[in-house]
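Presented as structure tokens, the chain that follows is alone, the form predicted alone.
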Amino acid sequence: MTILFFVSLGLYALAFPVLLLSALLRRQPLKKAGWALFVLGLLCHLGYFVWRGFAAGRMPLSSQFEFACGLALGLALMLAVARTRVNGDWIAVAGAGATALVMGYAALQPMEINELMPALRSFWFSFHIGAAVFSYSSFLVAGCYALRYVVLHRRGEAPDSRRMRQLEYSSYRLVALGFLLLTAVIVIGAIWAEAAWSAYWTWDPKEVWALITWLIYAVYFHIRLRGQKSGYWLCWYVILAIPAFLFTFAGVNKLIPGLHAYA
């Protein structure tokens, strides 16, 4: 099972430079080879995730390693879907690089399968953590679209061109999906916390940073819906918001002890 994990990591890591070269050189064979490596890595990754779930007897999302592995899988799945909507070479490059980095982070974490803590043995477990996985994945893919918009804008492409409008709108829709899922994470977490700890909100660091992330993206919607800023500015906002949820995902666990230290 561990070998399958590292095979998927290696395939993602190989796919990134091949896709990068294909985008730089505009070579169709390289593009097909890079995407084939990525899809093969995704299939191995999916197989590993299912295998680990059967071995653990639960959804494999309880530890930092498992969550990172799940996040990388969610990111790869969303990238595969997004690529069918916008056939952008550079979107695939950025997404493949991000997937390889998240998998690399997972590889640095303890990989043992442990029994669930009593507080985690709940009906809400899969819904709460599964929603977080796809929320963060949505924000990352939105950042890939936003990054492409910014690069094209700096190269002089007109903001009202069809490609630019499509990139900005795709980024917006993914942020909307991530925001909706993050809202579900917070609400489900509050219900679960009341059952586990007899309080809907405990000001645990993970809860606080999830709320901070939610507020950061809420400001994005406020600005966009009021039409106060250009697409270029909004895309920069999406890119600069990425560290907020990354800190919620990994930084809080490493730097600030709390009730969610196991996650």
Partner chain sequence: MGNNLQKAWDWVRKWILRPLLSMRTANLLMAVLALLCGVSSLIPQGEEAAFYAANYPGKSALIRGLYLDDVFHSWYFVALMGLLCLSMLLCTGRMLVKALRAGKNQVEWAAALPNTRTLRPGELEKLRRHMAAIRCRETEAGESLVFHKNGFGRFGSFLIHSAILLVVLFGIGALYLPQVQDVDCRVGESVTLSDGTEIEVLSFRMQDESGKLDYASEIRITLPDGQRSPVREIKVNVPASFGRVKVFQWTYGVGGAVSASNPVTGEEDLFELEEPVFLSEDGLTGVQVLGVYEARAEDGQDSYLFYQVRIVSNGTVMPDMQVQPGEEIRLGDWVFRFHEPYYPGLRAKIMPIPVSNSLLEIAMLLLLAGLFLSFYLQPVLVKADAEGYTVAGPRPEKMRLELEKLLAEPEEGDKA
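Only a predicted model underlies this, so the values are computations on that prediction, with no experimental measurement involved. Residue numbers count along the first chain shown, from 1.
Beyond what is shown, the protein has a form predicted in complex with the partner chain; the following relates to that form.
A.B. asks: Can you say which of 65 to 73, 32 to 40, 203 to 211, 45 to 53 gets within 4.5 Å of the partner chain in the predicted bound form, counting heavy atoms only?
C.D. replies: This holds for exactly one stretch, 203 to 211.
A.B. asks: Although the partner chain is absent from this view, report whether R154 comes within 4.5 Å of it in the predicted bound form, heavy atoms only.
C.D. replies: Output for R154 is no: heavy atoms all beyond 4.5 Å of the partner chain.
A.B. asks: Against the partner chain in the predicted bound form, would Q109 count as a contact residue? Criterion: heavy atoms within 4.5 Å.
C.D. replies: Answer no; every heavy atom of Q109 is more than 4.5 Å from the partner chain in the predicted bound form.
A.B. asks: Does the partner chain get within 4.5 angstroms of any non-hydrogen atom of L177 in the predicted bound form?
C.D. replies: Yes.
A.B. asks: Counting only non-hydrogen atoms and a 4.5 angstroms cut-off, does M59 reach the partner chain in the predicted bound form?
C.D. replies: Because no heavy atom of M59 falls inside 4.5 Å of the partner chain in the predicted bound form, the answer is no.
A.B. asks: What residues, if any, in 200 to 236 have a non-hydrogen atom within 4.5 angstroms of the partner chain in the predicted bound form?
C.D. replies: The stretch 200 to 236, when checked against the partner chain in the predicted bound form, contributes Y200, W201, W203, V208, W209, L211, I212, W214, L215, A218, V219, F221, H222, I223, R224, L225, R226, Q228 at the 4.5 Å heavy-atom cut-off.
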